[in-house]
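So this first bit is one chain, no partners, the form predicted alone, shown in structure tokens.
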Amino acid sequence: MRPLNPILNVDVAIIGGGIAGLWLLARLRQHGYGVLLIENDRLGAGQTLCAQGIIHGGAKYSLGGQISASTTAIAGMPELWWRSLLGKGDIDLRAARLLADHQYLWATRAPTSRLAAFFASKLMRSRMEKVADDVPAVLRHPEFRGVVYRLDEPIVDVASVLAAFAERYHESIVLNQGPVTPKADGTLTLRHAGQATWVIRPTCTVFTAGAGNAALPWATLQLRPLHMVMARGPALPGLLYAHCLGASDVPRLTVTSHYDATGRLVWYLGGGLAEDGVQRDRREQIHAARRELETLIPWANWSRAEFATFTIQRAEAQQPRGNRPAEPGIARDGRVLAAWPTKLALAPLLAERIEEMLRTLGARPRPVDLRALADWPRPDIAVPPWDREDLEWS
């Protein structure tokens, strides 16, 4: 007679090891829940490691001159992240790496850009300060014609955030071969070559798998694409973490700075360039990026820079007309939840709301012994986009 598969009872099973799943894991573990996070790829693969690492506080969403629902939802996130980065919050991220403790908004002298900057400074006065001397070195040039605001929003190295979670909660994170789907009785099957197949019996299951949540037929989501650009090489004029304001309520260009595995400086370019770029092919997008950089920072020598592009799909809860969600999204079918944070910065808010829902569904903190899975394979951290081997640089 074939022996029964071993069974593991947990309070919560989390499917998906991006920032949403890992932050939720940390919060629930800190509050005493028995949790198992299951990933079938690498931690952060997909949306999370494609994020620019900016912990937005709402200024980006107020450039049109109005306080939006997005601004209200995200307003408290920089302070919450700061507490975690300093080890003063419920979630300890002192092991994560801070790239910069602030970023900048800069505007050209074009009237529409100046107007956007005025509205942003008026609405976000507590977090923004117009600067004259404390200007990024990149913009500290006689040819620069514009206005610069310092914005108190930190920028984190996303891979190091994932690594901090993975190390601290190592025993609660496992690698599965293939997708995970709840059976009719709510159980999950955990499989990996060379391991005994386990049956996971959770009180509640939370899917935080981004686009992978589409495996749940009732979890309607939307995909909004971006065509991101990276520039690298010795020609880059230095570190920059900034939004360049344009005529619309989307930054004309968003720049963050990173170093690849060989130590080369990389500028990671998003904002309006990435949103509008979904209509362009690779060659056209690189041409558009060069044109933007040559227009906005003409004193740098861009002829020696190498460029690469890739597209990502932002997976979010379905919205009317496909608009960007103002807040994190959660869908529910019985004791199974599907969740999307919308932005990297909103992962803590999503985790808080999920925990509140779990209480109403009967999940209660209780210890769980995970030693039986001590030898189970663990997922690696995904590779940042600038270190991907499948991208073409030119």
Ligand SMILES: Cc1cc2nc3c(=O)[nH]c(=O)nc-3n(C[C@H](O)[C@H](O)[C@H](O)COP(=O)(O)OP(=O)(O)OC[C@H]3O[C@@H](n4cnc5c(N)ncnc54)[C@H](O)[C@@H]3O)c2cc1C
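Being a predicted model, the structure only gives us computed values, none of them experimental. In case it trips you up, residue 1 is the first one in the sequence shown, and so on.
We do not show the form predicted in complex with this ligand, though everything after this point is about it.
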| item | value |
| --- | --- |
| Partner-proximal stretch of 358-366, 326-334, 49-57, 24-32 relative to this ligand in the predicted bound form, 4.5 angstroms, heavy atom | 49-57 |
| Candidate spot R42, P341 and L344, all three touching this ligand in the predicted bound form (heavy atom, 4.5 Å) | yes |
| Residue (of I312, I286, L296, A96) lying close to this ligand in the predicted bound form, criterion heavy atoms within 4.5 Å | I312 |
| Contact residue in the predicted bound form, chosen from L221, V180, I91, V138 - any heavy atom within 4.5 Å of this ligand | V180 |
| I354: touches this ligand in the predicted bound form, heavy atom cutoff 4.5 angstroms | no |
| 4.5 angstroms heavy atom contact with this ligand in the predicted bound form for A209 | yes |
| I38 within 4.5 Å of this ligand in the predicted bound form, heavy atoms | yes |
| Touches this ligand in the predicted bound form: Y268 (any heavy atom, 4.5 Å) | yes |
| In the predicted bound form: members of 4-26 within 4.5 Å of this ligand, any heavy atom | I15, G16, G17, G18, I19, A20, G21 |
